[in-house]
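Next up: just one chain, as structure tokens, the form predicted on its own.
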Amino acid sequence: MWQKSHLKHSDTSPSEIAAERRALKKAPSLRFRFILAGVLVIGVIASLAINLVFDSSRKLADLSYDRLLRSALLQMDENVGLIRNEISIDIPWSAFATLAQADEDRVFYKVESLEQGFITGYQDLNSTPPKSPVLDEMQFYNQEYSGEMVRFAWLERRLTEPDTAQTVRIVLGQTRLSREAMASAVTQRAIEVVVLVALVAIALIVIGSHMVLRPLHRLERALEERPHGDLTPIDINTPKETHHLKVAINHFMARLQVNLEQLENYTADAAHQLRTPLASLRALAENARDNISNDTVSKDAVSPEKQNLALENIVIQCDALSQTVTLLLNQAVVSHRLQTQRLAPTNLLEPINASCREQAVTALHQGIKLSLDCELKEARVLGDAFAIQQMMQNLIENAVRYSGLGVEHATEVVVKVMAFDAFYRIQVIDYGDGIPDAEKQRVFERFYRGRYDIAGSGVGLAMVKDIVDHHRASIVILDTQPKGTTFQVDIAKIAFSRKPV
């Protein structure tokens, strides 16, 4: 399937195709594993079946020929009697005729009395059953005699007369050639059937492997036939076994779509943020060049005040450009960390203290006193310290920027940290002009700026909202009394997973 996809995409080089072919050869085959597992299972089942058939065939052969052996032994027993207190036997021809049905086997017998001793048959036939002898109970067993394995029938009973009683023992044996031949024939036939069934089962497994893997090929085709950039969810019907795979692919594409959107937003942010200071810097440089050119044409010396003013404006724009680049880099780092780093136990006070220290000097240069009001020694939350620090820096920088604009008492920004039962509350309080109610919901929009007479990028509070949402926290904008704005963030303690209210 991957070869077809490469034929469709002309941007695939021959070296990439060759590398993918080599990787495909080294990759394990799911279909081969499925077939191999099926063959192993069938092999084990076939082996057990053959062993079972082999034992059953031997028992069946013994059962069949034991009936002949029993019949012959009973015929011999019927002709045993007492004549003048002595045991006599006239072995009937029919007894041996019964055993003659197994024409390849030899027959051995012995008749003896416990009182008189040997009566007739093979005198050296000293065979005893493995179980304890029981009168009038016939026993069958295998035992070696005359260099061959023989199947014996054993019977012992008492003969009684009015004036005497004796015990007679009859042992009748037959070699196992016919039995083994019968068992082999049955086993061979059964093996043929088992092998045939196993081959059919293996063929069905091979065919079934194509059907089982067909949903995976459908998913593969659905992905390969998509145009570039199509990350919409897969909506084809799949079996339960591949449903979770489809869901995982859809979730992965959803995350990839989010990452692409964030990359597009970041690119747009970078273009938007860099365009303005670069344009201003170019305008200032051109203005300085034009002033110098005009003064040179008029043969008037360029005044140091004009030079200093032009250079000062250029330096200011360079600083603004540097701040913009730093903000974009921080935004990229935060976005990457939010996508790749897991939240970990963090002391909330450490990034807050670091942010206050970094912004304190900047606030003093603008005549603003930055203070931290916190009586806690530790505040454990599940979060990312770097992201929280960037959040606090943006909130503090925003509060400092909009403080003290024409208001005499707006010379302070206060950062408060308080503890509640299930969450910690962070407040960044300023005493500036405040934010109108109509704009409170829009300040977190990207590129939105309430006032364009104050320097700013319009993305700081948007990044704050992303960080708050990633930490499953909440942020609200309140009015400071008597005037100003308070940004309030509630973040859950590490022991609580639910969002604080």
Partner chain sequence: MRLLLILVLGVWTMGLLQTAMASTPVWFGSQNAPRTLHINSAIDLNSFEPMLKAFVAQYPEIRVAYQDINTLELYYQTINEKQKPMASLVISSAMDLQLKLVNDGYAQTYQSAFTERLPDHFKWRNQVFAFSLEPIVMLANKQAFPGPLPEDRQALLQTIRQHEAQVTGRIGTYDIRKSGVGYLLASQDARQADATWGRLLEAFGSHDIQTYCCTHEIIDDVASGKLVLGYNLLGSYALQRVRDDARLKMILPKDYTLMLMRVALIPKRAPNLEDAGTFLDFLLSGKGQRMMQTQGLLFPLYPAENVVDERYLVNAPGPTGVIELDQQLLVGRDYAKQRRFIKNWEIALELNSDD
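In this text, the rigid core denotes the largest set of C-alpha atoms whose superposition between the two forms falls within 1.5 Å. The shown structure was predicted, so the numbers you read here are calculated from the model rather than taken from an experiment. Positions refer to the first chain, counted from 1.
The same protein also exists as the form predicted together with its partner chain; that form is not shown, yet it is the one meant from here on.
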Quick one: find which of 411 to 419, 426 to 434, 96 to 104, 188 to 196 has residues within 4.5 Å of its partner chain in the predicted complex by heavy atom distance.
96 to 104
Consider S146 of the chain shown here, and say whether it contacts its partner chain in the predicted complex, taking contact as heavy atoms within 4.5 Å.
yes
Does the 4.5 Å heavy atom contact test between T346 and its partner chain in the predicted complex come out positive?
no
Just to confirm, G121 within 4.5 Å of its partner chain in the predicted complex by heavy atoms?
yes
Determine whether any heavy atom of L177 comes within 4.5 Å of a heavy atom of its partner chain in the predicted complex, and answer yes or no.
yes
In the predicted complex, the one of L329, L114, I83, L256 near its partner chain [non-hydrogen atom within 4.5 angstroms]
I83
Interface check vs its partner chain in the predicted complex: of L74, I89, A285, V325, the one with a heavy atom inside 4.5 Å is I89
D90: CA shift of at least 2 Å between this form and the one not shown after core fit?
yes
Any CA movement of 2 Å or more for Q427 between this form and the one not shown, core superposed?
no
Per-residue C-alpha change between this form and the one not shown, L219, threshold 2 Å, rigid core fit
no
